[in-house]
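A single chain comes next, written as structure tokens; it is the form predicted alone.
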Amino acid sequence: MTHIVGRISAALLATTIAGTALAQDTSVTIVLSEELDIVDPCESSRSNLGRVLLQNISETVTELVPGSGLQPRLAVSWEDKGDGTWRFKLREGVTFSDGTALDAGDLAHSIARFQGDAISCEIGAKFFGGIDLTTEVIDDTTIDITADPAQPILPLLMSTVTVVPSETAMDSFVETPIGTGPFVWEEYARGEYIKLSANDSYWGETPAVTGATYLFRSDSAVRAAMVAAGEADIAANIALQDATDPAMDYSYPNSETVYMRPDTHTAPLDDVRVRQALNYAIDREAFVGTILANGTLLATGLTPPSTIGYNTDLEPYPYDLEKAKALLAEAAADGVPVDTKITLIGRIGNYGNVLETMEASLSMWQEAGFNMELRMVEVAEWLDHYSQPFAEGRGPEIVNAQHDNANGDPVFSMYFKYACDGLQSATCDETLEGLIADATALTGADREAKWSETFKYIQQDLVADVMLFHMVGFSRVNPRLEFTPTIRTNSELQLSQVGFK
């Protein structure tokens, strides 16, 4: 009897200790779908990097908050001074994780760095392509920023700008990110994990989370199972078939648009009839409710319907296999080499069921008569095909991509994706260049109308790409957390928004 009581007491004690340890565990483990290939804050517009760095390590000048609009972050106010110049007042008493104080010179340096030629930063190319920014430091917390051409939404554009210390090298990427955020970069074991810890000198409210470990698992089912087993707390970007537990799984429109981008510089993809055939050959509706979630929207433009100027009059291309075949035959009769092998390139782990989406698209295109093969590659190799300068002698390619725009305005997407000098543009069209330039300089209803006209031209006249879906995202969250994923979760995951029950 004494022995039994002893065993029960020991079990109760163990349970109590375990419960106490769990109650005191204020660190979180987040399992991501892909490894990071770079950790520089000037690349944090990329979703895989943004989930780790954005607003955790590196803060932006302003912040676009869903439901609340544009809010202060490192800048506390801003004022239009006219002629393209805006004056920003920075927050006082902010320090970087290396102990140096934030001042206006750091912001001027950050802007010069992402606009410079020494390194290619996605923030500069994606959000400020075709825009020249100059800065004038007025005092430690005041800076004038002038955009040429003038940008009526410059404060919104500054919600994408991460600030680094002025000592940061102009000609090389950083390997240890230094920021002003509520967390500091602790350790990176490549291929294994990343660790962040709380920033004891953070200027803002102290988060409930005291540390975070990021793991990488490409298999969606594995990521979901890790949360279910208590081995992880958040699994972002899981596939439809793995989101099976209503108690842990959240679905939400995630502002991501999936599309196929043909290289219009290379035959046969330089012929508009071939690109039209690509569009008619895809049965978009067959994906929804099967390998993609119910609620997934068929896309007619690169940005989600929440952006201004989204053209609601446009219809997705209908599935018409015979029309696709006829267009290919017509192009072939005019000497277009439609039999040339085309490489379809996908990115491993880019979104849930990306492989299934690529294989289904390949099958549909082959049925229409395209000579096509599929290559699935890791993110670093994928970028070699997706971002300029493209490799010489690469042959005709179609790149599958998922583009995020939760910022409310197409300006964050259009130059980057469609201008001749856009970093991730595979087209060059004089009319489209003019439309983008005109829309960027307008305000109000005129701006909205010009963006709407631009969407129509891209889809119906230029047929620049094969628009597919506005996506629904799924994330699995451990029930011990107080955290609800939002439209921004796929591009940033703010640890300060995570609490414990």
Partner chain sequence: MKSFLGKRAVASAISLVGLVILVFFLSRLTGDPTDLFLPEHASQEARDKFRAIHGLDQPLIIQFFSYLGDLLRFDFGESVRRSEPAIDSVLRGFAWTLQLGAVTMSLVTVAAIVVGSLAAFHVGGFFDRVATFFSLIGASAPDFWIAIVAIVVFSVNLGWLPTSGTGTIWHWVMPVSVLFIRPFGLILQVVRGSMIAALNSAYVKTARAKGVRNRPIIFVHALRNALLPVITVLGDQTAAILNGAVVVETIFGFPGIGKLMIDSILQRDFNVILAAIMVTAFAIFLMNVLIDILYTVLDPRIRY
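Positions refer to the first chain, counted from 1. No experiment lies behind these values; they were computed from the predicted model shown.
Form predicted in complex with the partner chain: not shown, discussed below.
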Decide whether residue 425 counts as a contact residue for the partner chain in the predicted complex under a heavy atom distance cut-off of 4.5 Å.
no
Please check if residue 284 has a heavy atom lying within 4.5 Å of any heavy atom of the partner chain in the predicted complex.
no
Indicate whether residue 73 is a 4.5 Å heavy atom neighbour of the partner chain in the predicted complex.
no
Touches the partner chain in the predicted complex: residue 404 (any heavy atom, 4.5 Å):
no
Position in contact with the partner chain when the complex is considered in the predicted complex, options 138, 101, 329, 229, heavy atoms within 4.5 Å
229
Only one of 217, 325, 87, 195 has a non-hydrogen atom within 4.5 angstroms of the partner chain in the predicted complex; which is it?
217
For the interface check, one of 293-301, 333-341, 376-384, 150-158 should have non-hydrogen atoms within 4.5 Å of the partner chain in the predicted complex; which one?
376-384
Would the partner chain be touched by all three of 38, 225 and 416 in the predicted complex, meaning a heavy atom each within 4.5 Å?
yes
Suppose contact means any heavy atom within 4.5 Å; which members of 185-207 contact the partner chain in the predicted complex?
190, 191, 192
